[in-house]
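Only one chain comes next, encoded as structure tokens, the form predicted alone.
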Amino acid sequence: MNAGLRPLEVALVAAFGRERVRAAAPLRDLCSWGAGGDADLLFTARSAEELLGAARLAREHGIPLTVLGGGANVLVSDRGIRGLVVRNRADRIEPSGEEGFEAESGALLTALAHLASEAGIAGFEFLVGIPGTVGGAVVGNAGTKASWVSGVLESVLLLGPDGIVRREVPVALGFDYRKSRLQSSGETVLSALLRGRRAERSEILRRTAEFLEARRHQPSGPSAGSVFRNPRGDHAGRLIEACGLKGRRVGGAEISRQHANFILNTGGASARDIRSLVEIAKAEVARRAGVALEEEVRYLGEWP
């Protein structure tokens, strides 16, 4: 471990206990792709207050911070992540008014969808089949063809890189298709206020079943879901398939034979294997179709 990390480790242990802090901690089992290296330091936050406390300690010690939610839409480098990684398990969800919820950023989207259904609040059904957390969904504006997190988001509580906590409304977050300013701003999502609408439970259950059925046909196996954003008026999977890349392998990674916008870890794939397939798909689609694909997944850690 870098000697500069030791004071932060001591401070985290003093604040949260030895069992909550790990040095040289493997991250592959915390990410849906099952690949990647170690974190210099790993801390598991169980509330937004703990997430805030750990982030401020890292800032005080001049140590870079990475927040890892469900690990469902990221690829961690084989070299790992330098500094402090906070595993976000801040998962409290509380009612807010008659049709809303204040959800901590580590809350699972499936849990939020279930609570909304139980409460007779519609608008959250599309979340039921999306892996990951509220924080990650806000950062990446997660959604489906017709429904997006930005559409049910009323406000978000953010920790800025300056250490100041602010509440922002959606219009200030630069939302677009699978994008927001939070992907590059250095801000950390602490919680989100989301609001739906009252509806009959039968309607909510019907729409929930429709979203689950659509997800059922996706490839199974370790992956990060869709790797690329769909270009305007087309589909990334169709373009990759048209290049004859279904089934293409690098090491233990394979472009799915079922859906070409998925890359599977068939066993023992390194992060480099997976990223190599990403680069192959981008290059072939650009060469044959003249389309520049953009990744939906985020790369974390040190990359060559």
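What you see is a predicted model; the values in this text were computed from it and never measured. The first residue of the sequence shown is number 1, and the count goes up from there.
Not on display, but discussed next: the form predicted together with a small molecule.
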Quiz item: Just to confirm, residue 201 within 4.5 Å of the small molecule in the predicted bound form by heavy atoms?
Solution: no
Quiz item: Do residue 128 and the small molecule share at least one heavy atom pair within 4.5 Å in the predicted bound form?
Solution: no
Practice problem: Give a yes/no on whether residue 270 approaches the small molecule to within 4.5 Å in the predicted bound form, heavy atoms considered. | Solution: no
Quiz item: Closest heavy atom of residue 215 to the small molecule in the predicted bound form, within 4.5 Å or not?
Solution: yes
Practice problem: Could you tell me if all three of 113, 123 and 196 have a heavy atom no more than 4.5 Å from the small molecule in the predicted bound form? | Solution: no
Quiz item: Of the listed stretches (135-143, 114-122, 91-99, 168-176), which one has a non-hydrogen atom within 4.5 Å of the small molecule in the predicted bound form?
Solution: 135-143
Quiz item: Taking the small molecule in the predicted bound form as the reference, which of 189, 152, 103, 84 has a non-hydrogen atom within 4.5 Å?
Solution: 189
